[in-house]
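Only one chain is given next, in structure tokens, and it is the form predicted alone.
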């Protein structure tokens, strides 16, 4: 179960000077440049080139272009329905407000999709052999399912719960109803047999923060909006001109992509 600060983050109504974005700006989760592994090679392509999802040998339907950022990216793991659920859920966790863009505009759902298509989604650098036993709370996940399988199950269960409780798909719910669904997962009100509902919520929450603040090279943090929100400079080549200054120097952020050779 998330702590009280995270619970406050999921409340829909707030005072103007206590927005959820203010929480995120000061949260320990909001670490610029946090990378969890993934599909660097595929993301070095030109942003105008599309890729296909080969999970089942079929071409994946292209995700809708983001009007504000125009990501023009193709899905690499999610189906169209999964993507829309993920996009709506991450926007409720990291919503747009007067302080800056939300998860949808930052392309967080694309970031998660791309991570699931790579080693992170396959638990490629983790020991995943049996026997499997329930671990202590300090040991983290101890099961046989890979992350991409957990997301597939979790998103379907979110859809099922939305249909059962509100007779609508998750993406079609009101923001208040979407918060109700997310809260039900966060508190384990939803009883699942294959995965932990609260564990899935924590994974979504962490992945949302990573997608908002990771280098744009990895598919999220559109227009470096997450970095600009925190005045994070990104990946500068050098700080020699300002390192001796006693005052804070606000710098235009720079992505790793800017240091790559351009054809």
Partner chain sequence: MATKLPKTDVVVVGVGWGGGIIASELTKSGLNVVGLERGKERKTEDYYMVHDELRYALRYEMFQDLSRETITFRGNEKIRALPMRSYGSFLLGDGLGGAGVHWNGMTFRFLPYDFQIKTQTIERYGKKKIPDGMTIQDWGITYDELEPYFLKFEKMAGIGGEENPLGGKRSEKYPTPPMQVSPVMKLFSDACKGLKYHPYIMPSANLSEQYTNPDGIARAACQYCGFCERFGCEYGAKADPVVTVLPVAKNTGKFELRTHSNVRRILHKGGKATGVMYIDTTTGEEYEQPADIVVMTSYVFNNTRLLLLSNMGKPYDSKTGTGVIGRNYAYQVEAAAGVGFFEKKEFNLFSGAGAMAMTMDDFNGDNFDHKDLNFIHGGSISYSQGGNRPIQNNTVPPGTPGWGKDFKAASIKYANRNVSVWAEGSCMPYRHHFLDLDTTYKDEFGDPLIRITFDFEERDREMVKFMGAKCGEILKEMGADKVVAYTEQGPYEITHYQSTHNTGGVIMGDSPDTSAVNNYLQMWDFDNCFVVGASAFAHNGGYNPTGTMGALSYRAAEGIIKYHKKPGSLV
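Everything quoted here is computed from the prediction, not taken from an experiment. Residue numbers count along the first chain shown, from 1. Each form is matched to the other, and the largest set of C-alpha atoms that superpose within 1.5 Å is called the rigid core.
One more form of this protein, predicted together with the partner chain, exists but is not displayed; see below.
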My question is simply whether residue 126 lines the interface with the partner chain in the model of the complex - judged by any non-hydrogen atom within 4.5 Å.
yes
At 4.5 Å between heavy atoms, is residue 104 in contact with the partner chain in the model of the complex?
no
In the model of the complex, does residue 199 have a heavy atom within 4.5 Å of the partner chain?
no
Examine residue 137 and determine whether its closest non-hydrogen atom to the partner chain in the model of the complex is within 4.5 angstroms.
yes
If you apply a 4.5 angstroms heavy atom cut-off, which residues in 168-193 are near the partner chain in the model of the complex?
179, 182, 183, 186
Answer yes if the Cα of residue 194 shifts by 2 angstroms or more between the shown form and the other one on a rigid-core superposition, and no otherwise.
no
